[in-house]
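Below, in structure tokens: the form predicted on its own, a single chain.
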Amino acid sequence: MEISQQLQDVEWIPRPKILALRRLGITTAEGLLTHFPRRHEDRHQFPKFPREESDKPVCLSGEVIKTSLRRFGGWKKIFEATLQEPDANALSQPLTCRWFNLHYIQKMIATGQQLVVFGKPRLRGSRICMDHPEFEVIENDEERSIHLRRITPIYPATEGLSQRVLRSIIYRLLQELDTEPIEPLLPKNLKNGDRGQAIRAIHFPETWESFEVAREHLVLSEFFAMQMLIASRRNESHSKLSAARGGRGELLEKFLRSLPFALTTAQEKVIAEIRHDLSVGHPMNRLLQGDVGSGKTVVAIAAILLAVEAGHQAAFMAPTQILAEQHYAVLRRWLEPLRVKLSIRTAARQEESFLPLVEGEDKADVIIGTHALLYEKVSFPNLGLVVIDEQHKFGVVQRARLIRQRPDEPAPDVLVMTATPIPRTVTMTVYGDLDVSTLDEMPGGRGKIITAVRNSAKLGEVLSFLRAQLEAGRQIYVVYPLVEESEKLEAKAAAVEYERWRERLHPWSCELLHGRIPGPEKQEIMERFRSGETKALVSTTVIEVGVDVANATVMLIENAERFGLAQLHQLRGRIGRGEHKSYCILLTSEPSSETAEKLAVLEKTGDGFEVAEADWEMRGPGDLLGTAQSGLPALKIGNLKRDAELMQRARRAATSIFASDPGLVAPQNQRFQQLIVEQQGRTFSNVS
């Protein structure tokens, strides 16, 4: 059988299983063989049934000696299967497996069957139980060689495709596959063995050592393919020609002299890097990462002024209308005295402002906007610089769309900014085609932020504190995760709680802000809060980025357990913008140790880089490599956190190849050309 074989043409795979595989996105032999196990279980020898409970899942095998179905609480049902261990004696203790309200389970399990179960044993009275364990029914000795007495793969599955069936199909497919060695698409310094053998060993390893060797081979293959694609993008960007767009710096010097504060050393360093980028003959592609309040906007203005002085337009793109409006207000304040003309384009409004750079000129020097800049007919007759704020909310594909709107024109310089610090491994992947600058120093004169976690039962005490802060003349945010209540989530909703807060905080004025409010009305609400007319703002995460009100010194975040660490840190960054001490109160009704551990991080540190690393440790990378955000195909086996060292090795290898042979024309490198063909839906785990 060939690796490219369509599964629908394989006669021995039943039609219903073909349809189930399609639901997993699998249509070819290659797709099935790169549907890698999510874990393996050592089923060589099962331990005796446990006598005590454990937080670690165990794999056990036994015979079903009894089943029962009980009803409780009206319509609720519990199905129990009692298992007896092999070679049971008078002292053996049975294991009770329980499933709640899963009616189909009772049709699958019967007395006399051999069952393999995987789950956490728990002590329930005098019984050892497993609740909702994974299970398989083992029917004959032939199956035992695939499913038992070995290191057994466990796969991502779907309805109508059990582990046992999926494992059997993959096992037979491997037996029928042509056995010619498959040359891996790896350079010699990364290669360790035959790719075909690695594919076999990742599914059905003979030993744990052979599994680790196979996994390393496949992860390196996946990471190397990714890094070749990233290196090709970077090489393509550096090979493009563009006019030097850095002015002499007179406008920049005027701006810096007008600032009521001195730049930090980090800001000076990054501005110097940008000046260098703008002076060379290929487009700038730079990522600026800095914690909330580290002064990224000042650096962006510096880049804009250098481009404008050289006679070019700049586009400044923000993820929300509120943030775009705020950038517009800030830039007008700083740039209009320098006679730089601005305009704003959002979905809600288009407004021109005001003083032209040259008398009578009718085009804007700086256009500020949201996603509307991507889709509306905005004219960029001389676009030289694109600044994208909160890059992680846009993604590479959208960034490319803005940059390539005029394919016949030279590519603009690009500065992307994020206040969400990025772990190094992610920087090498999602942002691997960009040069990276970091603002790791905070400006002086900021008020200290004290963060405290409180149980929702303490709301009365918290309310007294809030009223005391309002009495002292401060303003407050109250943040909720939802706009309206949901049956699925018991989180409180901003729209429902708003009326309660109006009563709680009377006589101070209180308003509601969320994403569904029309743009102009939203702007009016924010303006009243900025001016101090409104004292309390009940809001969703629409205020997460960019809202800057120096007198707002208290933030209460309800249902704090519903938010990620990075998002909580972003929200907290809305306070502490002025000279006064600020307070962030994380209110939670979730008593779990996981919640306590997560929220304790924010009590201990205000450093966004420390928060990001802790978030990374607790949650892993998540969907950082989803195609919507990165423009890169999804990983199927590599793990950015676990395999960071392998990613570095793959990056060094790819960078070295492009440094010596950017066109991949050398005989030993020509085979890598197929790795940099960007195809819709392609992954990095292709077998051939």
Ligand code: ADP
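We number the residues from 1 along the sequence you see. All figures in this text were calculated on a predicted structure; none of them were measured in a lab.
Form predicted together with the named molecule: not shown, discussed below.
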property	result
Which of 513-521, 558-566, 88-96, 258-266 sits within 4.5 Å of the named molecule in the model of the complex, heavy atom basis	258-266
Triplet Gly293, Val298 and Arg577 all within 4.5 Å of the named molecule in the model of the complex via a heavy atom	yes
Position in contact with the named molecule when the complex is considered in the model of the complex, options Phe118, Trp334, Phe465, Phe609, heavy atoms within 4.5 Å	Trp334
Listed residue (Asp131, Glu216, Asp548, Glu134) with a non-hydrogen atom within 4.5 angstroms of the named molecule in the model of the complex	Asp548
Interface membership of Pro443, the named molecule in the model of the complex, 4.5 Å heavy atom rule	yes
